[in-house]
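In structure tokens, the next block holds one chain alone, the form predicted on its own.
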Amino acid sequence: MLIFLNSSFVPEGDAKVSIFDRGFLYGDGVFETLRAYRGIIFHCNDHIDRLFQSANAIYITLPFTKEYFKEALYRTLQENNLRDAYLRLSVTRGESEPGLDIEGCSHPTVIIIPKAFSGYPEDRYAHGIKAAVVNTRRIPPSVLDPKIKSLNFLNNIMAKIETKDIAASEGIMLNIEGYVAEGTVSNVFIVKDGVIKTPSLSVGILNGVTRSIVIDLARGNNTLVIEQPFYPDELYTADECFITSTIAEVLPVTSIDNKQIGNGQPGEISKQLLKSFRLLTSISI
């Protein structure tokens, strides 16, 4: 596999960064995960826009224009002869002497890692997945703005370790106040009496690209979507639950903390939104 590294393509075994790179030293950088369907990167511009927003928020001046980033992503696909893939775009602040001062960090490191990917196994969508509410709480906005998609993902990693230890597929994190926030790598939705509810951005979550698309799809189908805080008890009493992400698309959840959700099968609204989302990916192509 060829890796895009600072405007060059290098074999993955030769793709190296300095031990003084701040991404390595401190997780000092930002990233995006994108998905390509049959050679077209889905909502590429939205991901690049968010990359710039994240970088600006932590005072990284990106070395390329938005158009160059887009060209680099497509070149990475082409250089690797990939059509169905995911792409991990990372930007660090670059090299510096150890220490927190960012003075002199004027050359960010840009990396694009591609991997062939055509989706999760269909049985996950047919039967749903098992999720669990984990003990690790989401970092509050007063500590770190959730709009920043930071390389420092330790909060989510600790939640993912918990999730794996209890044999669940996804961990649901609460915020400091005990409201449902988001999954370790996803946004969370529930359905009750035909109404979709998802945590509002105010609880301290990332405004996922797929989250926004799914909300628009639901409202376009005349389904009421409410964005507001709610406690975990509403997860257990929901008729349906699903998660969204670039990689998972719209993935039904049929068990949370070993409690059956609804009738234990993916619900009609979840299935319809997955169908609508996949149609959208085809139309975009």
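Note that the structure is a prediction, hence the values are computed from the model and not measured. Residue indices: 1-based, along the sequence shown.
The form predicted in complex with a small molecule exists for this protein as well; it is not shown, and the discussion that follows is about that form.
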Contact between T244 and the small molecule in the predicted complex at 4.5 Å, heavy atoms? yes
If we define contact as a non-hydrogen atom of the residue within 4.5 angstroms of the partner, is V185 a contact of the small molecule in the predicted complex? yes
Would R50 sit within 4.5 Å of the small molecule in the predicted complex, counting heavy atoms only? yes
Would you check, heavy atoms only and a 4.5 Å threshold, whether F117 touches the small molecule in the predicted complex? no
The stretch from 207 to 215, 193 to 201, 122 to 130, 80 to 88 that lies within 4.5 Å of the small molecule in the predicted complex, judged by heavy atoms, is 207 to 215
Ok, N175, N156, N152, T109: which has a heavy atom sitting within 4.5 Å of the small molecule in the predicted complex? N156
